[in-house]
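Take a look at this one chain, the form predicted on its own, written out in structure tokens.
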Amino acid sequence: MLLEGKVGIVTGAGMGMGAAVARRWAREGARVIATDVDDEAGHATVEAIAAAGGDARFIPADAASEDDWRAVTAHAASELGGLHVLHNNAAIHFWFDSLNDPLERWDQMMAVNLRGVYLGCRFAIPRMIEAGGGAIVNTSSVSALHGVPLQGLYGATKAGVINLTRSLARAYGPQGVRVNAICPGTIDTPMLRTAAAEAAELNAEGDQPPSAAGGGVGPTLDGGRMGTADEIASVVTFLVSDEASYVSGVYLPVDGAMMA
């Protein structure tokens, strides 16, 4: 098993990619801490892992909260013996009119999507150094790599994740911590389905129309099919495993050639 003996934290583990990563890590032998702001969804993920014979516990936590991060990483160290792997996955999405929408909306998304990733790294890296090293995968997006109408805010948060990832990889690689990012494309998740429904409403209202496929650019793999959360989990698991021991500072599109 790729993660046998490892302790890992997955944020946004209640559904979608986070839930898939938590399940996969447990199958690979990790003891998983699943966090989410949605208690019901988080508990459901952990119950599914337990039913399959895995080891997981749910800790309700807001990725944007310094206190919550301090508590979660302390739990990993004191109750599970250390922290070895982290998937900073929690994020929110909404379409944002850069000229007209309230600035509070800008702050809201920045707090979760970028500050949340930063705090995860800030509190996890010292624990990983204590454990002799570790690996982090941060979730960015193809929206960080190209422009999409009404997506400037989301894309900005995800572009920030990429540069944070690269900087931390350079800073803490000498201490045995690898940091990588993934840039998912069109992945079939509840967040994507909600975004597509909201885009359809905007189109119907005649507002600046975002495309559900990302500004007219879509995946080409297998006739343009969407990716799955399990496919993302496979990539994340590889990146935190020892199979990727010389991979750090990478931002990897997982998008069916969407950005090719």
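So that there is no doubt, residue numbering starts at 1 and follows the sequence shown. These numbers were taken from a predicted model, which means no experiment stands behind them.
The same protein has a further form, the form predicted in complex with a small molecule, not shown here; the description that follows concerns it.
With the partner omitted from this view, the residue of V235, A44, V37, A199 that lies near the small molecule in the predicted bound form is V37 [heavy atom within 4.5 Å]. Between the options P190, G173, G152, G82, the residue in contact with the small molecule in the predicted bound form by a heavy atom within 4.5 angstroms is P190. Screening 98-106, 163-171, 177-185, 120-128 for residues having heavy atoms within 4.5 Å of the small molecule in the predicted bound form returns a single hit, 177-185.
Contact between M15 and the small molecule in the predicted bound form is found at the 4.5 Å heavy atom cutoff. Looking at T139, you'd find a heavy atom of it within 4.5 angstroms of the small molecule in the predicted bound form.
Residue contact check for A90: one or more of its heavy atoms lie within 4.5 Å of the small molecule in the predicted bound form. In the predicted bound form, the small molecule stays beyond 4.5 Å of every heavy atom belonging to E231.
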